[in-house]
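Before any questions on binding or motion, here is one chain by itself as structure tokens, the form predicted on its own.
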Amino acid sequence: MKAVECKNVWMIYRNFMEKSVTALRGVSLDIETGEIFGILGPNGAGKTTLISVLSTILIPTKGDVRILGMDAFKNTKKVRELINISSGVRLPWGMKVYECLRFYALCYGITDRSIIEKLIADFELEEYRNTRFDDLSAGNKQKLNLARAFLNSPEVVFLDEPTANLDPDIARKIREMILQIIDRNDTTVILTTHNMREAEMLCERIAFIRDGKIIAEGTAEELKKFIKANERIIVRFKEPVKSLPISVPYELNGNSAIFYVDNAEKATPKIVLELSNAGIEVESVKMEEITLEDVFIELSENY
């Protein structure tokens, strides 16, 4: 049984001038049980709309959505008992950390307070249990939001940019916490993120969405094949250069260039020699592997 299945999902809004805005265009996805699945794309691509449809917050204009084998909009009550979402929605400002989790636990019919205590410990909120939501730091607000999303031990959880706008050390800690809970509960996770490193670290498969359409899907390694190279060589010149006598694919930007190659260690001496023969003085050379961020830029600009 798939955790999430959606077929030919469309979402068309009417704005205040009665003009239609298409947010999703024929989206189809299959997400396996226990998988960590990433949805990436530029701002306005349709990521949050897709998460909202899959989590039953929005009803699509057209298309089918099945969660854990059930029709999401014919069995909405049952589906919502088995899923949860963290989408950056602000929690009640006046509630303290423990009160907030207790309130949402009761909304799910959960009376076992040990579940709350475990989540407070998991997300390192012990010293803030009696702190009001509005007095928490951004990182602790996000920890509380995530703790709330795992209250009902969901079989499928949707995380909409779980580490957005957080300091790198807090973001790293939150990623570790998420992984620990997922491993313990065998939860299926669908997340959106702008952090390409986070996507590579967490996601087993990734879908790129642009203008409401899925334009690529696969593992990080499969998606990197869009670049048609395994590595890149970044060369800085002592003076700006207008053109290069090199047959290797490259991007030139004044006093630096990026060369895309399959084997940087092997290609670098040849490139440096050709530049030297052309009278171009090299200041520095750096070799890097192709990253998911390169793929993101390529797909956002050219597909």
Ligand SMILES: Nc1ncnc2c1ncn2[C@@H]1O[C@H](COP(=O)(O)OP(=O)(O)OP(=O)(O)O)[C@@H](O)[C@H]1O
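Just count from 1 along the sequence shown to find any residue number. If you're wondering where the values come from, they're calculated on a predicted model, not measured in any experiment.
The following text describes the form predicted together with this ligand, which does not appear among the structures shown.
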Query raised in the report: Only one of Gly44, Pro249, Gly34, Gly254 has a non-hydrogen atom within 4.5 angstroms of this ligand in the predicted complex; which is it?
Result: Gly44
Requested in this report: Answer with one of Glu155, Glu161, Glu200, Asp122: the residue that has a non-hydrogen atom within 4.5 Å of this ligand in the predicted complex.
Outcome: Glu161
Query - this ligand contact in the predicted complex: Asn15, any heavy atom under 4.5 Å - result: yes
Query raised in the report: Taking the shortest heavy atom distance, is Arg172 within 4.5 Å of this ligand in the predicted complex?
Result: no
Requested in this report: Considering only heavy atoms, tell me if Thr48 and this ligand come within 4.5 Å of each other in the predicted complex.
Outcome: yes
Query raised in the report: Ala23 near this ligand in the predicted complex, any heavy atom under 4.5 Å?
Result: yes
Requested in this report: Name the stretch: of 35 to 43, 261 to 269, 237 to 245, 65 to 73, exactly one has residues whose heavy atoms fall within 4.5 Å of this ligand in the predicted complex.
Outcome: 35 to 43
